[in-house]
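Take a look at this single chain, the form predicted on its own, given in structure tokens.
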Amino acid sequence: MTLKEQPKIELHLHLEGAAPPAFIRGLAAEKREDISGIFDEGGGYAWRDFRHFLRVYEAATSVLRSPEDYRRLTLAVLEESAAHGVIYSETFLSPDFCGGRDVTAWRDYLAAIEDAAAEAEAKMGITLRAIITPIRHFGPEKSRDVAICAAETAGRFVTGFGIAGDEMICEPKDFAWAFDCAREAGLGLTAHAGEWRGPQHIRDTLAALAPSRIGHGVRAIEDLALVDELAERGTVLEVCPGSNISLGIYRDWRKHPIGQLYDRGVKVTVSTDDPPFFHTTMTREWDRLADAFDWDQGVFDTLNRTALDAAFCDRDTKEKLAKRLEPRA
């Protein structure tokens, strides 16, 4: 079995951020929208830094305007993920982009996405679950509406709640109401932290929001006491090395702290974040990590088991996935 074919679990994937550039260009052409400025000469997404990345991301998302658009997007994204051996994926979805935080409109978008997920599971063997996320830089008040959308649709497909966007905007405690609402609805909790801000931001996020997982969390390495605390608590980090390197947080793969975090007992997982923006895939992530840290199949098996244990899905789904992760004779 090739590295590409090996089964993989991915916990940190933004649906719009995983949109193939060709898909977005085609959708823009159908709608007669000129968003050519967000692409480079090779047809990929063009951005300069994180703030500009967010603007390009939102420009690409602007052509996604209907439940049918999101149904098609979901199929395109899952086809790409499945081609790289992903058998289970959790994707961030935001009612900010899907129906303007109106619960009725949100249900329509969600139904289309879930329909596409069911089709992909039947045809491609990949299972999808949704983590509902307010956008941090849209503000705390809007996050409450997003949390209500999440709570109203919590169930087999909507299994998690998180927060994404510009880490420099607002503080974790500003989103406590939204997280409490999601927690009461029985949703698993994760939060982006420790990507652009340092260890204290991770501590503040854990204290204010009490998530079981942290999106990124790599800046914890700057405070080894925090690293040991994360290991002791069993907090799972959704690490996206290719994203961190592409955005310039770390210079290269060997300088990335995932190796140190793993060695110190932190539960780390590997994901692609926004793969076409960062020119990565799950295959590439595994390949580069194996090269950078001499990780063998045993390490990647551990990463998969950690991700499956931390996944926001029901027991039956986990049992089925566990069987697919068993080594083949």
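The first residue of the sequence shown is number 1, and the count goes up from there. These numbers were taken from a predicted model, which means no experiment stands behind them.
The same protein also exists as the form predicted in complex with a small molecule; that form is not shown, yet it is the one meant from here on.
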Which of these residues, G165, G99, G85, G188, gets a heavy atom within 4.5 Å of the small molecule in the model of the complex?
G165
Residue within 4.5 Å of the small molecule in the model of the complex by heavy atom, from S243, S89, T74, S143, is S243
Residues F53, Y57 and E195 all lining the small molecule in the model of the complex, heavy atom within 4.5 Å
yes
Name the stretch: of 270-278, 27-35, 41-49, 285-293, exactly one has residues whose heavy atoms fall within 4.5 Å of the small molecule in the model of the complex.
270-278
So, in the model of the complex, is H201 in contact with the small molecule at a 4.5 angstroms heavy atom limit?
no
Give a yes/no on whether H256 approaches the small molecule to within 4.5 Å in the model of the complex, heavy atoms considered.
no
Taking the shortest heavy atom distance, is R213 within 4.5 Å of the small molecule in the model of the complex?
no
